[in-house]
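Next up: a single chain in structure tokens, the form predicted alone.
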Amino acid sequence: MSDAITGADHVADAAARLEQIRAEAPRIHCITNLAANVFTANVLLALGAVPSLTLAREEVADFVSGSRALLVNLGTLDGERRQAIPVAIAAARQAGRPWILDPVFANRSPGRLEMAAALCGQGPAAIRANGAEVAALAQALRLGEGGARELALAARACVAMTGKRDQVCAGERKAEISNGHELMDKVTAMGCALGAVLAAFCAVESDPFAAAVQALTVFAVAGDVAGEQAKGPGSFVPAFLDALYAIDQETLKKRALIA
């Protein structure tokens, strides 16, 4: 993290951009996986954004060009999505909309990894991935043992690498968010929904690095709050949606752990 920016600065910015999302209700177009559609849409609505999810090749460009940001999630990489993704990205780039790459399970399939690596060269504003996915992309891009920083430099994008501690890298800038709850790992599509939240913050914040820190902070703090109320994964989901809906500047100031 730059010496000029403190954790308190990031928290204040996160609160301001969150209020902007709630005021403007930006529409975020999501190409995501089958397991994530409903939860992703509900998370965006709780945040204050508006989701759209069409995959139809004949209309996806219109949906993307009329949105404020695009999420491309590779979790269900079927024929329909393979056709829709390049059309959607081209529309986003032509319209000047930021787009987010979530290379889900790129480390599990050579074909998926090849596509994810190619998409890194298509101008994503940010890449949201876990450590295994980052390592696989680094290898595919011939970055050796590179991590999030090396991938960010190669893709000329912000990299938000999620794990026990979330890391955000862009050029020489870096930040670490230590919030979150263990129940977040017990809910399908939690990481996929985070990609959509990152897209929503990119819709109102021109700096992808700042947007990633803001998005991951809000998301993880909501997880903290929900985890204190939930009895298990089943009750965690509604508690998380409620926490995200209610989160405010005071909660972020009290809880956010950013270094």
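Throughout, we count residues from 1 along the sequence that is shown. Not measured: the values here are computed from a predicted model.
Quick note: we don't show the form predicted together with a further copy of the same chain, though the next part is all about it.
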Triple contact flag 66, 105 and 186 to a further copy of the same chain in the predicted complex, non-hydrogen atom at 4.5 angstroms:
yes
Give a yes or no for residue 156: in the predicted complex, does one of its heavy atoms lie within 4.5 Å of a heavy atom belonging to a further copy of the same chain?
no
May I ask you to state whether residue 114 is within 4.5 Å of a further copy of the same chain in the predicted complex, using heavy atom distances?
no
Would residue 76 count as touching a further copy of the same chain in the predicted complex under a 4.5 Å heavy atom rule?
yes
Quick one: is residue 51 in contact with a further copy of the same chain in the predicted complex, heavy atoms, 4.5 Å cut-off?
yes
Thinking of a further copy of the same chain in the predicted complex, which stretch from 192-200, 30-38, 205-213, 219-227 has heavy atoms inside 4.5 Å of it?
30-38
Any residue of 219-242 that, in the predicted complex, places a heavy atom within 4.5 Å of a further copy of the same chain:
231, 232, 233, 234, 235, 238, 241, 242
